[in-house]
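We give structure tokens for two forms of one protein chain below, kept apart as structure 1 and structure 2.
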Structure 1
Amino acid sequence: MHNAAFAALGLNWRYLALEVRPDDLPAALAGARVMGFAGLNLTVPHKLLALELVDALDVSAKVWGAVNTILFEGRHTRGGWRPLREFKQDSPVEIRTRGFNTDADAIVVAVREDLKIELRGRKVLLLGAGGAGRTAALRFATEGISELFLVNRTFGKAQKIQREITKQFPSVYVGLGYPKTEVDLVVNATSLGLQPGDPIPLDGKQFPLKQAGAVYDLIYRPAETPLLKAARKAGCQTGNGLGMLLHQGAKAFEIWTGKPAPLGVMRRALEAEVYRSSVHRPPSSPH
């Protein structure tokens, strides 16, 4: 999607996918700095590691506790930090990394667009309490959900998020485990569904999917995970993580380039890549 966007705006830029082991992340950031990269995206497990590795944190990374986007900034001879894209003739005195989080807002926009759900006053069941789960939980709380139920293999992680939200958002009820009643939205923030043969990340005996109004899976490939397939059969409204991927990417694009992201171009590029080999295609999007 980024390369399609660069081409659409006539930018002589290139987005590359690079596999980096967690232990090598400090060296990778140093290498990108030396090579003059404009910025980076980070995926799991680097989002939490980068919190301690970047030179400066944007407020978004501080609030949501994870870094998925990095901007390289240079210090001008006259002082002040600027994105490296602004250095045309002269060279920066110093280069630093600034970390951002574009995931949190993206999931709210995606749920609103794909499922037509406004989160205020809603009941949400969240599967997973890792980095993505924590970000989603806190962001949902800021939207004013009424109840949040957390399910995670490690009870302590879910309990930590419960305490965090209860302290910051006392009006939000946070329960640990499956709810006994219906919920408006189930969100999968685990990695179950990425690999063929993965089990559904939900215990159907404790919570039948027919008790959910809608199900959103942060996974976007495969386009329909086992969870979404089961939810569709149960009559739930469903959505996958492509919308979240699009909007977090669009925000990162704007941070790097300083230009509005061509959303239509980026969405079409994503859909062509993700859905070209998919049996179940979602309804066409107006975007």
Structure 2
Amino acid sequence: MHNAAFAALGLNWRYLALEVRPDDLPAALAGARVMGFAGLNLTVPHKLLALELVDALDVSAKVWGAVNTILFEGRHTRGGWRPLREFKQDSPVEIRTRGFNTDADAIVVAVREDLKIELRGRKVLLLGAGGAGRTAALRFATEGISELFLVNRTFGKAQKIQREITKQFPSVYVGLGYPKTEVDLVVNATSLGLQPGDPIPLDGKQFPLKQAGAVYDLIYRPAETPLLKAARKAGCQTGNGLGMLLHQGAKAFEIWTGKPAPLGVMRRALEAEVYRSSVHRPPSSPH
């Protein structure tokens, strides 16, 4: 999606995927710095490691406790820090890394765009309390949802998130386990659904899907997980994690380039790439 976006904007930039062992992350960052990279994305497990390694942290990385985007910044002897892309003829005397998190906001944008749901005042059932689940829970709380129900295989992790939210956002009611009433949105942040044959991450006896207005699955491959299929059959609105992937990327693109991301171009490139194999093609594209 990034290369398609660079091409659309006529930028002579390239986005490359490079596999780096966790132990080598400091060396990789040092290498990118001296080679004049404009920025980087990081994925698991580097997102947490980078917190300690970058020179400066944007508030987004501080709040969400993970770095998925790095911007290289330079400065003149007496000047302030500016993105490296702004240095044309002149060279910076020093270069530093600044870490951002573009994942957390992406889920809110994706839910708004794909499901037409504004989260303020809504009731949400969240499945999963791992890294992605915790970020989603906290981000939903900052968005002002009214009630959050947490379900996770390991109960203690859900309890920990409950305590964290109750302390930071006392106006949000946080329940553990399935709600008795209807909810506006169910979100799957577990890894169940990634592998063929995975069960649905929700106990239909305790919570029938017809009690949900909409279901969002963070998984985007397959396009329709067993959960989304069941939700569609139960008459819920559905959305998969492709929108989240798109929006974390679009935000990163804007951080690196300083230009508005061409969202349509990026979405088309992403869909073509992710659903290229007919096995993964959605029955009817959600976008």
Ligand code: ATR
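Quick note, the numbers are simply positions in structure 1, starting from 1. Just so it is clear, the model here is predicted, and its values are computed rather than measured. For clarity, a rigid core is taken as the largest C-alpha set superposing within 1.5 Å between two forms.
Between the two copies of this chain, it is structure 1 that is the form predicted on its own. Taking the list Leu126, Leu42, Val215, Ala104 and the motion between structure 1 and structure 2, the hinge point where C-alphas stop fitting one rigid part best and start fitting the other is Ala104. Relative to the larger rigid part, the smaller part rotates 15 degrees between structure 1 and structure 2, based on C-alpha fits.
On a core-based overlay, Ala28 has a Cα shift of 4.3 Å between structure 1 and structure 2. Aligning the rigid core between structure 1 and structure 2 leaves the CA of Ala50 offset by 2.9 Å.
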